[in-house]
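We begin with a single chain expressed as structure tokens, specifically the form predicted alone.
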Amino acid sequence: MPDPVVLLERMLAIPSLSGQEDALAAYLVQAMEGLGFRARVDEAGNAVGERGEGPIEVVLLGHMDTVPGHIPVRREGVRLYGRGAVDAKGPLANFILAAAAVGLPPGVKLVVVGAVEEEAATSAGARHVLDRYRPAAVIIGEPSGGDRITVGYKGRLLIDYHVSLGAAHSARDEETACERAINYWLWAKGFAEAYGAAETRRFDRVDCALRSMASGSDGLVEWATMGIALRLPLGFPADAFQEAARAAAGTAEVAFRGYEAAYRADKNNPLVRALLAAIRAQGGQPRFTVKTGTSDMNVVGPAWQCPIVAYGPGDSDLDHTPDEHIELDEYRRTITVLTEALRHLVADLAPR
């Protein structure tokens, strides 16, 4: 087995923005081959490693890509810094090492996938594997912390807004393109605040964020654009909302993209029981959590309809931040937890 920290350091040292994962994929294929996997880069660019043979598949689905922002890779005491340390190269390294350490009974296959474009709102890597596997259980590689098991993610809808108006003198009492855009933002924010206002948990409400805004004029036409991101609860009526959002935009242009429905998994199954037992065996106090973001669970969960959770080291509050780092003690401990959980799970799933 390679040193777990060295493996992660090397992964962090290879930049892998969404759409630029080739170098990391090649490295991971080499690393997995050295650990006994049958490894390859698939047609989507995913790094895929398989161990064992048989009809019962357990898929460990992580992702290789990161958001922009360079963070020098460095150790500071018990912390390892680098873009992707938490989201989500740490969990992916966890998958590779744990899957390599597990003895597999006949009839069971372990599949590790380092997917592309999870951060790009396309989930191209996860969508590519949908028809290629029919797993009996799935773990998504996302930061949960060593004692927490993630069983749900909110949905997502992105709105691109654009309005153009004939330019007018500022002394005239006419609505400007910027004002019209701001009024649309206020409408979207008001809708989000009103929907599920009685709900006490953030997971059950709509979150609305203004992600980008720009404006300009050529002297004849003035324009304004906005990017709005909605995080959606279970059961959100996306089609009806889009109709209302188009009506509220009036003559402005709106486009919708990146839609994913919210998803919540079952907690009573062999996968969850194996993780609970493994966390307790390492002295942890396991608990369940749901996330207000999205992950590839939103893509594969509804399609595969099997036991599924997200698990991995790291504090998700550090996702996408300039302070992104992972606690090395937790990182090592979650490798042990996952290894033990997989041992219990494959034994439970193996054909009798």
Partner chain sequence: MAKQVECPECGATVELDDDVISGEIVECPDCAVELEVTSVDPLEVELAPEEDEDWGE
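Positions refer to the first chain, counted from 1. Because the structure is predicted, anything quoted here is derived from the model rather than measured.
What comes next is about the form predicted together with its partner chain, which does not appear here.
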Legend entry - its partner chain: the contacting residue among R273, K189, R127, R246 in the model of the complex [heavy atom, 4.5 Å]: R273
Inset, instruction - Have a look at R132, R79, H162, R202 for me and say which one sits with a heavy atom within 4.5 Å of its partner chain in the model of the complex. - result: R202
Inset, instruction - Check, residue by residue, if E142, T289 and D319 all come within 4.5 Å of its partner chain in the model of the complex, counting heavy atoms only. - result: yes
Inset, instruction - Check whether R148 has any heavy atom within 4.5 Å of a heavy atom of its partner chain in the model of the complex, and answer yes or no. - result: yes
Legend entry - Touches its partner chain in the model of the complex: N268 (any heavy atom, 4.5 Å): yes
Inset, instruction - Indicate whether G293 is a 4.5 Å heavy atom neighbour of its partner chain in the model of the complex. - result: yes
Inset, instruction - Using the partner position in the model of the complex, report whether F95 sits within 4.5 Å of its partner chain, counting heavy atoms only. - result: no
Inset, instruction - Mind telling me which stretch in 179 to 187, 246 to 254, 148 to 156, 95 to 103 gets its heavy atoms within 4.5 Å of its partner chain in the model of the complex? - result: 148 to 156
Inset, instruction - Residue by residue through 81 to 100, tell me which have a non-hydrogen atom within 4.5 angstroms of its partner chain in the model of the complex. - result: D87
